[in-house]
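Have a look below at one chain only, the form predicted alone, in structure tokens format.
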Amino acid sequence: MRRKMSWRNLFLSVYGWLFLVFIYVPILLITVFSFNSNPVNMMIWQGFTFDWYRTIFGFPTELNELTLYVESTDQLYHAVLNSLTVALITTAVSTVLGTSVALAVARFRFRLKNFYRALMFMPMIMPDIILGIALLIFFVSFGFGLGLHTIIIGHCTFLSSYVFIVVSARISDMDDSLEEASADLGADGWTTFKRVTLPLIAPGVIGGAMLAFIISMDDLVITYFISGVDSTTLPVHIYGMLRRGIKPEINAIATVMLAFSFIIASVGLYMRSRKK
């Protein structure tokens, strides 16, 4: 029995390490080669440099003059601005919608409640390409011109579900007697929500908002289908660069996005895990 358990533990340990290697080694390689000075073949290490980071932030470098691999910083900044605009608006709308639905499902009884809760999970489990095509057909059928507004609407359709799930988990851990005590003391519904409910679910709301923001910033598939000519976001811009060849500055952009995503996700997870 002990021998069988030891083989099982060994297998799980090896599998766990292989899984981590498979997931994180490519990310580590992107980060390492973002400092490679080789402008032609990024897989051959030529030397350490910060020039690709200087390039994407618009600072002059020697590599800018020696190679033709540098993308227009104006296009890059425009894509970043579009991504931030979409992410901020989408986060605000999705947070309000997701939190409202989570409170309604948790506090009220109505027909088909479980069915409605299941519908909130659908955008999360639906393949992105299916949702992207469906949104494109919807916008075209109703005469919507593709642009930032269609991206915002599209992102809200599935990011509200993420906020709903995070806030619902927070509400399930909340003591209902606190709201009942507030009502017994004469507080109306709005006062109870503002003084009792919202402070208690605030970590979940903030965590859901952070999650929605970072997913909106990183989304490619759905955004690719519903973006217009002048509404290219950063992931779509990077995808367009990759179609013309893997260029050195792509590694630098990916590393910056990775660091930014890690910071936002860490803050969101921290706020979600807070008990008070």
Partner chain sequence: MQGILRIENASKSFQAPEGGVIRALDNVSLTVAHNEFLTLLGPSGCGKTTLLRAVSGFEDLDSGEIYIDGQPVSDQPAHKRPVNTVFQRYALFPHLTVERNVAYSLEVRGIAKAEIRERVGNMLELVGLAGMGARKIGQLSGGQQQRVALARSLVAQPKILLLDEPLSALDKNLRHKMQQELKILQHELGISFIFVTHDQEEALVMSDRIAVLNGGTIQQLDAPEELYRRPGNEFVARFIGESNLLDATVVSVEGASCDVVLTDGTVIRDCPVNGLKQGDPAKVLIRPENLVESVGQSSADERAGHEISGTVSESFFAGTDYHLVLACQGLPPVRASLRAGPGTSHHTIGEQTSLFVPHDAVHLIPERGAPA
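Residue numbers count along the first chain shown, from 1. Quick caveat, the model's predicted, so the values are computed rather than measured.
Just so you know, the form predicted together with its partner chain exists too; it's not on screen, but the next bit is about it.
With the partner omitted here, the stretch from 173 to 181, 110 to 118, 83 to 91, 139 to 147 that lies within 4.5 Å of its partner chain by heavy atoms in the predicted complex is 173 to 181. Although the partner is absent here, T192 sits close enough that one of its heavy atoms falls within 4.5 Å of its partner chain in the predicted complex. In the predicted complex, V196 approaches its partner chain with a heavy atom inside 4.5 Å.
Mapping the unseen interface onto this chain, P127 falls outside it, with no heavy atom inside 4.5 Å of its partner chain in the predicted complex. Contact annotation: I165 falls outside 4.5 Å of its partner chain in the predicted complex, judged by heavy atom distances.
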